[in-house]
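Form predicted on its own, single chain, as structure tokens, below.
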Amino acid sequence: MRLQDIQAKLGGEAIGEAAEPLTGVGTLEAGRAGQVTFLANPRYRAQLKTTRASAVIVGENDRDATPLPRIVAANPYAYFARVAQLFEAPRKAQAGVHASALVHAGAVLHPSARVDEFASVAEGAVIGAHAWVGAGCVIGEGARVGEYTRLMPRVTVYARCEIGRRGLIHSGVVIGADGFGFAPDFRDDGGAWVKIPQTGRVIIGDDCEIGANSTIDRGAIEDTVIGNDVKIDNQVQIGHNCTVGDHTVISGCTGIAGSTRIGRRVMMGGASGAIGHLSICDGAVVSAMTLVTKSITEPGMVTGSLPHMKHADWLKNIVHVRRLDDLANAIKKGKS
């Protein structure tokens, strides 16, 4: 692929030699001859002088910062992502059902769909055009997998849950397990937790990606709903009856308790969390390891974690934190 081919497909302005063949993508620091790289963060501008890549994608402010062949784009990072897709086109499903797969006679498979080794597709399940069900996947009764969606090996989709079109669901994901719903019924003479039947579904929109070993619980009565173009990292837990708006991204190890309402284009950093029954507005950014304990009503970044420090300093500082309430009360008394 040549730079002029890329520019013809994706737009932007090509500057310099555009006819030399390119073989792939690389980073500024480790790029090799034949690769195309990008500069999106000005702190790495000095690496333009030392990179061994053959071409670079830059923003308007850096159009003259290098003599290398280049494409000037409004968003170099997003442009680079699309270039990488050109070089690494995903495999297309080759239609067919492996002999070891168990497909119920009442399931509906599009002729172009693929079902791999030891997968199970239950009665009433619907597998769309060009969808790919990987080895060992389990598709429950009445579940639906949209066209061009790929389930990597060992994904479990519980009964009646739905996944939209062009999704990518990675290994170990569980969609539609019971939400964590129990009513306490304890008395002096005993008692127990009473399970609340989880009769809702999980509905996942189009163009979503869900990382390995993440779980999305089905609703207790109403559905858990994931919007379009939502990107969920590995080992994320989304509780029952949550809603996640379009274009939201959720980083690894995040935990979202039940009935949380997350808006559009929200960004949740790694190991962040929400305690449930609250709302996070459109455009909010939750920093890594921040715990959201009340609704966020204004877009922008929120942070609830402390930067790391030496252990001895932490021990001294936490003593003061524990005494903040006493200090506040003393101040109030002094004012009165």
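Position 1 is the first residue in the sequence shown; the rest follow in order. From a predicted model like this one, the values you see are computed outputs, not experimental measurements.
Separately, the form predicted together with another copy of the chain exists; it is not shown, and the next lines address it.
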{"property": "Another copy of the chain contact at P69 in the model of the complex, heavy atom, 4.5 Å", "result": "no"}
{"property": "A14: touches another copy of the chain in the model of the complex, heavy atom cutoff 4.5 angstroms", "result": "no"}
{"property": "Heavy atom of Y148 within 4.5 Å of another copy of the chain in the model of the complex", "result": "no"}
{"property": "Contact flag, L39 vs another copy of the chain in the model of the complex, heavy atom cut 4.5 Å", "result": "no"}
{"property": "Heavy atom within 4.5 Å of another copy of the chain in the model of the complex - residue from L168, V225, A107, A129", "result": "L168"}
{"property": "Residues from 150-174 in contact with another copy of the chain (non-hydrogen atom within 4.5 Å) in the model of the complex", "result": "M152, P153, R154, V155, T156, Y158, L168, H170, S171, G172, V173, V174"}
